[in-house]
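Shown here is one chain on its own, the form predicted alone, set out as structure tokens.
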Amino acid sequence: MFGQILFAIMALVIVVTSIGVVAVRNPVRSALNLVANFFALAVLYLFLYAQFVAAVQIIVYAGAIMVLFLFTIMLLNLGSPSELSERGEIKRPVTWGLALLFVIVLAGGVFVRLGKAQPAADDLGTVQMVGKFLFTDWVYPFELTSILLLIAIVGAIVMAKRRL
């Protein structure tokens, strides 16, 4: 019973902070909503007995990636949120319409698959299982991701330097 209540609270926190990420006009507050979202998501990973994934979620996403986001926001010095607002009146209703359509399609997909769900293995999120899948079945996507990240790093360095 306690687990279900905590799960519902974390799910509510995830929904509220997700809306806060896109609805808040201040970029720093939006990033802080994303940090709260990452922590709540890590708690849900713990409910799934995926301790390694929860630890990676906190260390990599809530730690490193969000520090990088906040550093970039501070570096860009975006100014006040009123300066960032656009004058287009048609963009906002179209965006809300597309978001509503996305939620409807996503909810439909979830409800269709809800009865067909199979319970996951007990050791699915452990370090041993992640390592096994990462270095056997998913080795090529893993290596492609590392090459993609290397290209992104080189591109960021080239873009940051004014003269080569």
Partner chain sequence: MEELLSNAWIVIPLRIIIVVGFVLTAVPVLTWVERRVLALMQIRKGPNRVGPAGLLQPIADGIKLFFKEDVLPERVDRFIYFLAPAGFLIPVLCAPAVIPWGPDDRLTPIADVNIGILFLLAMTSLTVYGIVLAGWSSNNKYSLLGGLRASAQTISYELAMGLSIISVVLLTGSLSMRDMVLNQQGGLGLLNWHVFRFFPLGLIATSIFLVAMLAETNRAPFDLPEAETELIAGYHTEYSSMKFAMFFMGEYASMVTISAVMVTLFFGGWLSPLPFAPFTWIPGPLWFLIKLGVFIYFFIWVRATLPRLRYDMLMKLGWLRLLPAALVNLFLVAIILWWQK
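Keep in mind that what you see is a predicted model, and the values were worked out from it rather than measured. For the two forms, the rigid core is made up of the largest set of C-alpha atoms that agree within 1.5 Å on superposition. Positions refer to the first chain, counted from 1.
Quick note: we don't show the form predicted in complex with its partner chain, though the next part is all about it.
Find out whether any non-hydrogen atom of residue 75 is located within 4.5 angstroms of its partner chain in the model of the complex, and reply yes or no.
Contact with its partner chain, yes.
Spell out, yes or no, whether the shortest heavy atom distance between residue 29 and its partner chain in the model of the complex is within 4.5 Å.
Judged by the heavy-atom cut-off of 4.5 Å, residue 29 is in contact with its partner chain in the model of the complex.
Would you check, heavy atoms only and a 4.5 Å threshold, whether residue 40 touches its partner chain in the model of the complex?
Looking in the model of the complex, residue contacts with its partner chain do not include residue 40, since no heavy atom lies within 4.5 Å.
Just checking whether residue 59 would be counted as a contact of its partner chain in the model of the complex - the rule being heavy atoms within 4.5 angstroms.
Answer yes; at least one heavy atom of residue 59 falls within 4.5 Å of its partner chain in the model of the complex.
Which residue among 68, 139, 104, 48 has a heavy atom within 4.5 angstroms of its partner chain in the model of the complex?
Looking at 68, 139, 104, 48 one by one, just 68 meets the 4.5 Å heavy-atom criterion.
Would you kindly say which of 131, 108, 97, 63 lies with a heavy atom within 4.5 Å of its partner chain in the model of the complex?
Filtering the options by heavy-atom distance leaves 63.
Hey, which residues along 1-23 are within 4.5 angstroms of its partner chain in the model of the complex, non-hydrogen atoms only?
Sequence-ordered list is empty.
Does residue 128 count as moved between this form and the one not shown, where moved means a C-alpha shift of 2 angstroms or more after fitting the rigid core?
No, residue 128 moves less than 2 Å.
Once you overlay the rigid core, does the Cα of residue 26 travel 2 Å or further between this form and the one not shown?
Shift of 2 Å or more: yes.
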